[in-house]
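The structure tokens that follow cover one protein chain in two forms, given apart as structure 1 and structure 2.
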Structure 1
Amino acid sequence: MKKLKTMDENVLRLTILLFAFLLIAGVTKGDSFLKVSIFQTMGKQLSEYGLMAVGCGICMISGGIDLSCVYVANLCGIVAGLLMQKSGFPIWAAVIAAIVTGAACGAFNGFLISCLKIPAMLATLGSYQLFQGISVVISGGSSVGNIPKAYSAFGSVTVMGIPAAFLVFLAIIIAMSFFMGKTVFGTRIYLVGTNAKSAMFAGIKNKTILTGTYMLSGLISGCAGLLSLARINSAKADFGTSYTMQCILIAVLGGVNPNGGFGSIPGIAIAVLILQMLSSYLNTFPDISNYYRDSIWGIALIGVLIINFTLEKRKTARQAKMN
């Protein structure tokens, strides 16, 4: 019981919501929804934007925001795709090059934000144009296809019925949960996000922490780019542009405080699961347009904000009485 209490309240709420939803979906659409194939598709789809949401989420925890996730992912996909097209270039090397590219993009964001002190929103607003521009330039403005079979096969591989992409997502989620929750660096990200000035006076190297955070975000986005390269067999400079807003939305739904300092990786992961299931569930109704998803997300975002707001208010009142 005590364990349950110390668990992040938001994660607890989201988990309950997830199971409640599964129950409703199972009862109403058990035959067409609770199918392995549906879950496999979901696993593949959510991995990409789920990862970007984690990247954006940690930046929001650090007190900023990363609007460039999607474009970093596209750039990384294009870099990997172009390298793989060259005969004789090993696939693993292309993958590493893509991940390095992601980290470099992130580090560039970090440099703009921590060294040049450009507000994160503006810095990544500018850099996403830049990354997109570079993608257009190196890909010649068209989609990069012709991916070696050996790599694109990864998009359809399953391990015990679980898509490999989802396993990658899961692995990164676990690693990041540990990183944010248990390591010194992670703890410092939370502290810098709460109050950068206090952090400086407490001997935290803000520049290092912020650069690291954005680098990590870039790296994770790079992984997302690689996953989508495998899934759709191509990469393009303007692929998935609507994901940017979705990522922020998921992060906030998952309990990340837009002002920084609070939020958890498991929360983001569960928010991704809920939203993907919701939209897949809606897909099982043939006469409901897929676009409804947008509305539901929007309502969910604002609804969750309002619920958190009310609960937080009560909590503060309770804590004030305790001391």
Structure 2
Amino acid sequence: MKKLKTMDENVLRLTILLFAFLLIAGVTKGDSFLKVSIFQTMGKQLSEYGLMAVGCGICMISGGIDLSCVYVANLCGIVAGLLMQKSGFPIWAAVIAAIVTGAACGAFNGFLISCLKIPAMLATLGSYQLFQGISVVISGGSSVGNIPKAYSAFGSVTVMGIPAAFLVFLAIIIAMSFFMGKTVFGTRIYLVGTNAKSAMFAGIKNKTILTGTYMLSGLISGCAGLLSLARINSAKADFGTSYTMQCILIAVLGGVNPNGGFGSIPGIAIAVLILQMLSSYLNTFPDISNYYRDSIWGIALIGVLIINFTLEKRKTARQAKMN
């Protein structure tokens, strides 16, 4: 109950921050920022790296990390694109093949981490090079285009003015919130992340939990790759290389503890909205080059880590005094 209350407080803080930033952006750049078209564009863009951030965040809750999310997404997009190019190959079958590919990539990561005991950072760092290499080989090093219009049209579809991609993002957020908060498997992910040895002594099969966690991350990344394929009508092995830093930043900003055992999917979702609004807000300043973006994300990540560390230290000190 205490952990749940802390999560609710974190979501409340993020919600206040979101509306405060929205107010500042509206006051300073109202004419160029508060437009329906701007919010629709944001909804399409954030859905892709937002899903990758969810997958990365779930792995961080388990006590690990997934640095391969972007390249799993690219590989899945390329697989789907190549299959859709084949005459007579059903679009739905290509979508399923892409999702299965994502789950298989995640299972491979889980095997390296849970069975071979390779540290998650090193395992996924190596696997992302592997997945990128496979993507380059099967795509011939070029973009995979000529996607059927029946599929690429999904990238521009709106439902009552809301992009369909954003609705997919919301659906997965709701599903993952339920999964992590209400199911036994989700609870065990938190337990493994909190203390893997204690979880093992409690009868939890850590290998199964970790493998399933990374499979879930790969599956979600596969969905992100499919959304990207629909939006830009192509897939490439090195697309979205800067998304890795953003995924980590979003997870940490959303309240996920890098050491594992703490974090919530709603917190990650709100952090995605904040980061996308910040990115769109920076676009309204022509003097700020896109080349500065990575530096801004890096500074923001370090700042959030310092703030979280300070708050956690104060919280521990208060609890020690009470005891």
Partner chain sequence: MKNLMNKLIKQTEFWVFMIIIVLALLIQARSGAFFANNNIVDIMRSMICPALYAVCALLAFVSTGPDVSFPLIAALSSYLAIVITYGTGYDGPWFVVYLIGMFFGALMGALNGFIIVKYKFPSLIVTLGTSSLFSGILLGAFEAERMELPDTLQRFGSMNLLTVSNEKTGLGSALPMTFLILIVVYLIAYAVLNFTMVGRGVYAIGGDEISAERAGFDVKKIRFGIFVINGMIAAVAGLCYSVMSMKYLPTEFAGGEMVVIAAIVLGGARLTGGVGTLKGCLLGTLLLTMVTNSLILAGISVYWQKVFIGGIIIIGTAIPAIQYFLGGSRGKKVKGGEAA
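Since the model is a prediction, treat every value here as computed from it, not as a measurement. Here, rigid core means the biggest group of C-alpha atoms that superpose within 1.5 Å across both forms. Numbering runs along the sequence of structure 1, starting at 1.
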| item | value |
| --- | --- |
| Structure number, where the criterion is the form predicted alone | 2 |
| Per-residue C-alpha change between structure 1 and structure 2, Tyr281, threshold 2 Å, rigid core fit | yes |
| C-alpha of Thr15 off by 2 Å or more between structure 1 and structure 2 on rigid core | no |
| Cα displacement of Ile24 between structure 1 and structure 2, once the rigid core is superposed (Å) | 2.6 |
